[in-house]
Ligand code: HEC
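Okay, here we've got a single chain as structure tokens, the form predicted alone, with questions on binding and movement later.
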Amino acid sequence: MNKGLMKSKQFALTLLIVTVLLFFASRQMNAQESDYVGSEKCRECHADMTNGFSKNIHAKADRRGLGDSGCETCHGPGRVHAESGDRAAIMNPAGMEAGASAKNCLECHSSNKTLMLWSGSAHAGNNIACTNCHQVHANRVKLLARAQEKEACFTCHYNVRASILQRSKHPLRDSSAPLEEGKMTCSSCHNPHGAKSEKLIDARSINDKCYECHTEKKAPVLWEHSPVKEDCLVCHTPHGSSNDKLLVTKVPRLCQECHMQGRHQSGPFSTGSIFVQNRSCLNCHPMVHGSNHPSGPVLQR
């Protein structure tokens, strides 16, 4: 048998195999497509939900490339559910185990830089599902399940809610109304979907996050106060405090946590002592974050 004939037979056999594979793949694809009924079919029973959903960014989702998958992008094929009315015959991310629910969302959202660290995050580790905080059919900002971002966070972080109602606070609220939106929100400092630093801080470190607003504290100084460069939270609490300047405790007690050796800074002091009146230690050492004055080694200038 000559080589030309052999090559022709091999080519014909290869062509036959490819044709058969394409045929079965086409049949399987057609079968899969037939399992989808489209959003209009969903609207027949769920009009109240689909009417609002039509204005939602998720209404444009077409994860499976079927042209009009709409609701079925997240809920999966709906033919069996539509024919039987059985709730168990359709996938409901809100009723799924947290990990499976998140996996469903991450099929589209995993490339988002704010979501790429979800796996291993504190919220994922505590079995928080996307649907605990978000309502995918809603038309609110960020598709939140609550009217405001803080309300969603306070569902679990009630201790933080108590803190922002204290006298000294960040502008997380702008009036006496407990939940009124302020100039800042929780996501101004935290990435709830995961971060490389502790406490879901959306920066390389807590100090770097503070420096985004308090830039003057980042500048190099001739005389450093070491706790400032170490961690702002050594002296300050971020959510709220009954002490001035978000301090964790009042001066001079705060200062005495480190400065207990010798001279006047060791206490306790008498009630009328000049070292506990007014601004206490800050009366004489006002440059507590650091000084550039040649005569300021004890942060007095």
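In case it trips you up, residue 1 is the first one in the sequence shown, and so on. Please read these numbers as outputs of a predicted model, since none were measured by experiment.
A second form of this protein, the form predicted together with heme C (HEC), is not displayed here; the remarks below concern that form.
- The shortest heavy atom separation between K55 and heme C (HEC) in the model of the complex exceeds 4.5 Å.
- Though the partner is left out of this view, M116 does not reach within 4.5 Å of heme C (HEC) in the model of the complex, counting heavy atoms only.
- A residue is said to contact a partner when one of its heavy atoms sits within 4.5 Å of a partner heavy atom; E216 meets this definition for heme C (HEC) in the model of the complex.
- Under a 4.5 angstroms non-hydrogen atom cutoff, heme C (HEC) in the model of the complex has K183 among its neighbouring residues.
- In the model of the complex, N126, I128, A129, C130, T131, N132, C133, H134, Q135, V136, H137, V141, K142, L143, L144, E149, K150, A152, C153, F154 are the residues of 125-154 with at least one heavy atom within 4.5 Å of heme C (HEC), listed from first to last.
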